[in-house]
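Just one chain follows, in the form predicted on its own, and it is written as structure tokens.
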Amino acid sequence: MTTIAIIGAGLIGRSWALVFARAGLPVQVWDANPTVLDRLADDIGAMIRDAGGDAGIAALVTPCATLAKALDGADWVQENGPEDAAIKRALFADLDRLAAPGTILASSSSALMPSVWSEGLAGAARCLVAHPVNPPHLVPIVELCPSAQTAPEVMDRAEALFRQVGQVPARLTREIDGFVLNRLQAVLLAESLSLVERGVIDVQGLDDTIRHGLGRRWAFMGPLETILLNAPGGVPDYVRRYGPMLARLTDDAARGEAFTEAAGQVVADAFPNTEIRARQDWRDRELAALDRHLRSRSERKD
């Protein structure tokens, strides 16, 4: 049985703990902040209730007082520390030193390519990024990004593990800044902020366009399958029909200057007096309902 070590038990870390535990895997959790570990059982219990899961899952999650204890017997390490290159390099030096030679070391980093923190480690070949979407226990995609030193068999084992626990691995062939998800997200966000800041549409209208338009299709199929089905002759037909128009729009779509404080303030003003944690809990309950619906549809299809 694969044993999982979760390093860092914030929002992402405890969500990962639930992903692995509900698949029946023992999970050992360490965090540098003892207070986080003290409330881990309550946090995991609340997440299980909101997701409609079996309360017995929590018994598979064990808080550990030391990093070495969390790594003891672990086959897979999922690190969830701060997005700081120096901190990650120091942490992975400890992980590489303390973990058994066959243990895979993965980071949840959303911005730091694996070579940034694994270069020079004796175990660089067993290191990769396994980047989730927040929260991973409700959104199953996980990007697997290797460095030039990552061994192919490590990528194979990573892909197999995430399929085993019910996630959807997206395997990159090489590292690239932002990986794939954030590169796509950056383009969409840039144009969204630009349209709002220029007064073309308000925040509500923009979000509704995605939520009740593109988002509804994207919950079931990606943008490439979407265009496959949007013209009678498939993608070549779609490109002939709409390619020139989309190419013209693309020139204005990804402007970095859209990420300004002024644009951010326009969005913030549209959500006054928002209590972030409460809104996050609402989001997770809604995602849990969608997740149950999609899993049920998949089971009926099978």
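Small disclaimer: the values here were computed from a predicted structure and weren't measured. Throughout, we count residues from 1 along the sequence that is shown.
Another form exists, predicted together with a further copy of the same chain; not displayed. Remarks below refer to it.
Remark: of stretches 42-50, 233-241, 60-68, 28-36, the one touching a further copy of the same chain in the predicted complex is 233-241 (heavy atom within 4.5 Å). Contact check at 4.5 Å (heavy atoms) against a further copy of the same chain in the predicted complex: none of D96, A148 and M155 pass. Though a further copy of the same chain is absent from this view, in the predicted complex it lies within 4.5 Å of a heavy atom of just one residue from G73, G120, P82, G215, which is G215. Taking non-hydrogen atoms only, A268 approaches a further copy of the same chain to within 4.5 angstroms in the predicted complex. Shown alone here, L287 lies within 4.5 Å of a further copy of the same chain in the predicted complex, counting heavy atoms only.
For G199, a non-hydrogen atom is located within 4.5 Å of a further copy of the same chain in the predicted complex, even though that partner is not displayed.
In the predicted complex, G264 approaches a further copy of the same chain with a heavy atom inside 4.5 Å. Along 173-197, residues T173, R174, I176, D177, G178, V180, L181, N182, R183, L184, Q185, A186, V187, L188, L189, A190, E191, S192, L193, L195, V196 each place a heavy atom within 4.5 Å of a further copy of the same chain in the predicted complex.
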